[in-house]
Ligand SMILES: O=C(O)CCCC[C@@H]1SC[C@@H]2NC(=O)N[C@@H]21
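Quick heads-up: it's one chain on its own, the form predicted on its own, in structure tokens.
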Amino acid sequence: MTAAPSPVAAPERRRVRTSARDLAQIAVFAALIAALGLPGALYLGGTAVPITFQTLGVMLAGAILGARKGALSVLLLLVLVAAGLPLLSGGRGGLGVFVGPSVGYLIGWIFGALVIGWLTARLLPRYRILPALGATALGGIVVIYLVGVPVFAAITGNPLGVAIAGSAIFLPGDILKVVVTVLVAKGVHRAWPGLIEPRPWPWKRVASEAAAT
């Protein structure tokens, strides 16, 4: 007779469910990102990628909704844009946007929100300012640039070094967006705790599982 497997040996996996509340939050933040495009786009230095407020909405989505819902809100916006709705800054929309020089940045938005949300879940419930600034800058600047700049260089035919140097024009505004995001998110998480479920860092989880065995 074989012994029944220990419940500790096979950790229970949590099922991820999307409730009506989750769908509403995703829709609201997709609308917020779209609304931040209403002031229009600013082209500086002859760059083909505009400066917009919409990156702020992407950062807020990740920092307030978390990785999954934040990324889904960005994905919903991009699906609507692909369907032809003029939801990007300057009234841009349609499939043509996704073959232009800025497509890498749009794709980077998804990964940026994902990284910000993943890191934010590990900073909660305390959500200290300095670590939050680092987490938001990593997702909202570094990750987006890592996708956007090489794609921009490939589409425009510019050397990668030139594309990297040209992206520096976005940094001051993006740093300001990081600061605004963290200040807003800190207030939101203090007023409405539980929007993002706090998660342990992977090494802490491994250590706790090793101690339990």
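In case it trips you up, residue 1 is the first one in the sequence shown, and so on. Being a predicted model, the structure only gives us computed values, none of them experimental.
Separately, the form predicted in complex with this ligand exists; it is not shown, and the next lines address it.
For this ligand, fitted onto this chain by superposing the C-alphas round its site in the model of the complex, the count of atoms within 2.4 Å of backbone or C-beta atoms is zero, giving an open pocket. In plain terms, the part of the chain that comes close to this ligand in the model of the complex, with a heavy atom within 4.5 Å, is 143-151 out of 178-186, 26-34, 143-151, 61-69.
Proximity to this ligand in the model of the complex holds for none of S73, R122 and E197, with the criterion being a heavy atom within 4.5 Å. A residue is said to contact a partner when one of its heavy atoms sits within 4.5 Å of a partner heavy atom; V49 meets this definition for this ligand in the model of the complex. Although the partner is absent here, T136 lies well away from this ligand in the model of the complex, with no heavy atom inside 4.5 Å. Shown alone here, L88 lies within 4.5 Å of this ligand in the model of the complex, counting heavy atoms only. Of the heavy atoms in L106, some are within 4.5 Å of this ligand in the model of the complex. Residues F170, D174, K177 are the members of 170-184 with a non-hydrogen atom no more than 4.5 angstroms from this ligand in the model of the complex.
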